[in-house]
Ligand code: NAP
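Presented below, as structure tokens, is a lone chain in the form predicted alone.
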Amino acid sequence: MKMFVRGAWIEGSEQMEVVNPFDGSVVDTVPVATAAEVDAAIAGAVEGAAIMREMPAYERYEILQKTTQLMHQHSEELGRIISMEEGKVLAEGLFEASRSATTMEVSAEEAKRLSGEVLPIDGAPGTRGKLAFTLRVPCGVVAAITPFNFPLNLVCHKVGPALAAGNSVLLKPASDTPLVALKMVEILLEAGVPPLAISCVTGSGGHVGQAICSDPRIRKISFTGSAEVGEQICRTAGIKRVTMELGSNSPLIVMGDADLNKVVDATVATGYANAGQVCISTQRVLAISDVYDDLVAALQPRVEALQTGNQLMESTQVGPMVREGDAVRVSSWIEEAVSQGARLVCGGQRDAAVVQPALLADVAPSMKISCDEVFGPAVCVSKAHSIDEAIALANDSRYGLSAGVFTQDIDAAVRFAREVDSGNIQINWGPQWRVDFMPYGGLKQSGMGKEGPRYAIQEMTETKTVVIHS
């Protein structure tokens, strides 16, 4: 595929391959953007920002609604592209395509709701006869830097609100999964987005991303990825608005009164989806000692039953990881944990990029597989003797993106919600749950700022205060 720069599809002077993670076959090729091409994309986006700023909100709404309709029409194609380049099973790819259309639809609606407020300045002395209000105005050029694990929906979570707010967008998709992002640009253009209002450059994050983030013409950066890369972007960005959606090692506390059948269902659903490559996957299960052994015993057959293999086969429940190198890393973390005293209950075997879903018990909180972000199909179970210890263990992390608890005790649930340091709290479900219009973001090193179209638009606009003197 070609990339889209300053209103034109271009091939570039150098190409890179996009491969199917399961068998290494080449799905397509995309250009490797040069510094000159990145500069041209930014220059075009500056022109596009001026066009978008003048576009009435209702026109932005109409374009995004048309985008939504086209996405529904192309949902099967989009879902299959996602599965081929990312490795998630086809059912998950199709679901992401449908979910992404909803994200764009909500963004369209929010385009009509952008407003300021009247300021009650007459509460201060010397303000007789004066009127004050605020206006929300677009930032200008928004850089959207997206990860591989949700290569369409997280594009939509950035591009949709940015356009709804009247900005232009420079999109940089993950190197492993650029194809569905480029297809999305085709859809946006067909829906009526001004060609200068959207660019998409492909290439390595280290090269292309650095050039984008350091450029002063970029006024807003929205990034989803690892904490380490997020910190590097913040150091590079200078004086810009930034939203950082970063990593996690999400905890799930299981109290003694929990319904273990529901816990098992939630843990399997939220621990192994997309081969565990979800920033809010259940990674650390902190079970009260009364139910610890029963929970591990109940989880084992359910995890063992998960079918792995070719993500395009309907029978497959867990596909490959996006890169074989990541599968090697996850396997090494599992082996390290076992060597330090953890018990491998089941799974963990690796075949190329496919890792059998792993369940580990007796995991010490200090082990790498517990305290770092595994981002793979491995769930760790650790014992806690009280809610005090469980909350302390949950908070003993540099991350704070999402957390869950299973309990029938309302006091324990409320205490968990108040005391656990996490941007998203789930009660009687695992930490991996999100409706796309809710505010979503983390605490601590899991990031700053919120996504969800309404909240992203607030991050992608600026406030002007107007005072009329009479």
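Quick note: we count residues from 1 along the sequence shown, nothing fancier. No experiment lies behind these values; they were computed from the predicted model shown.
The following text describes the form predicted together with this ligand, which does not appear among the structures shown.
Trainee: Using a 4.5 Å heavy atom cut-off, are 268, 394 and 428 all in contact with this ligand in the predicted complex?
Mentor: Heavy-atom distance to this ligand in the predicted complex: none of the three under 4.5 Å.
Trainee: I need to confirm a contact call. Of 225, 93, 319, 166, which residue comes within 4.5 Å of this ligand in the predicted complex, counting heavy atoms only?
Mentor: Selected residue: 225.
Trainee: If you check 302, 323, 343, 130 against this ligand in the predicted complex, which one has a heavy atom within 4.5 Å?
Mentor: Contact with this ligand in the predicted complex is made by 323 alone.
Trainee: Should residue 213 be classed as touching this ligand in the predicted complex when contacts are defined as heavy atoms within 4.5 Å?
Mentor: Output for residue 213 is yes: heavy atoms within 4.5 Å of this ligand.
Trainee: At the 4.5 Å heavy atom threshold, is residue 205 in contact with this ligand in the predicted complex?
Mentor: Yes, residue 205 is a contact residue.
Trainee: I'd like to check something about residue 308: if you look in the predicted complex, is any of its heavy atoms closer than or equal to 4.5 Å to a heavy atom of this ligand?
Mentor: Answer no; every heavy atom of residue 308 is more than 4.5 Å from this ligand in the predicted complex.
Trainee: Answer for residue 250 alone: is it within 4.5 Å of this ligand in the predicted complex, judged on heavy atom distances?
Mentor: Outside the cut-off, so no.
Trainee: Just one of 109-117, 348-356, 309-317, 373-381 has heavy atoms within 4.5 Å of this ligand in the predicted complex; which?
Mentor: The contacting stretch here is 373-381.
Trainee: Quick one: name the residues from 153-173 with any non-hydrogen atom within 4.5 angstroms of this ligand in the predicted complex.
Mentor: Read in sequence order, the residues that approach this ligand (within 4.5 Å, in the predicted complex) are 154, 172, 173.
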